[in-house]
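Taking the form predicted on its own, here's one chain by itself in C-alpha cells.
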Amino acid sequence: MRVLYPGSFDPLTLGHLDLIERANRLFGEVVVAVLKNPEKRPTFSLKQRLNQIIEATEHLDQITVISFEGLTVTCAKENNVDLILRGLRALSDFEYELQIAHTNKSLAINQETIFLATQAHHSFLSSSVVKEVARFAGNVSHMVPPGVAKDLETHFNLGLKGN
C-alpha cells in the first residue's frame, strides 16, 4: 500500500520523521510530498527541504520524496497513492485536520485520510517552534535530525552576521 504524507516540512522535525518511519512499517511505501506554496516564504528552499528529508530517511526502504504544488488530492491521484497520512499532536490539530480531510473527500470521493498521533515525547514539536529555538541559538538536537540541525545553525548564523 502507498501512503502520501504531505507537508511543508520547513524544517523536518523528529515528529515528522517518526510518522514517516511508523507509516513505513504500517503501510509499506511512503511518498513524502513537500508542498511548494507560493503564498509562504519558507526558511529553507524547496531543494534544501527535499534533501533534508532524503538524508533523514536514508535508513528506510520504500520512501519516495517529491515536491508538489496545488491540491493534495491531485498529488495523491498523480502518484497513485491509497491513503493520505496526517499527524496529530494535540486535540487542536484534530479540528483543522478533520476539516482538511473532509475537504479532500469532497474533492476526491475515493481518497481516504488516516491520522496518526505523534508519540508523546514529540507532541510539543512544530517547525515553527524549532525555528524559534534555533533563531536564538537554542539546542535543537532533540527536535530535528542531525542534518537539519546543522542547516538551521548555518542558516541562523549567516542571518545574524548580516545584522
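Note that the structure is predicted; figures quoted are calculated from it, not measured. One-based numbering along the sequence shown.
There is another form of the same protein, the form predicted together with a small molecule; it is not shown, and what comes next is about it.
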Exercise for the section: Please run the contact check for V31 against the small molecule in the predicted bound form: heavy atoms, 4.5 angstroms, yes or no? Expected result: no
Practice task
Please run the contact check for L125 against the small molecule in the predicted bound form: heavy atoms, 4.5 angstroms, yes or no?
Solution key: yes
Problem - Partner contact for G15 in the predicted bound form: the small molecule, 4.5 angstroms, heavy atom - result: yes
Problem - Interface membership of E112, the small molecule in the predicted bound form, 4.5 Å heavy atom rule - result: no
Practice task
Would you point out which of 115-123, 133-141, 59-67, 102-110 contains residues with a non-hydrogen atom within 4.5 Å of the small molecule in the predicted bound form?
Solution key: 115-123
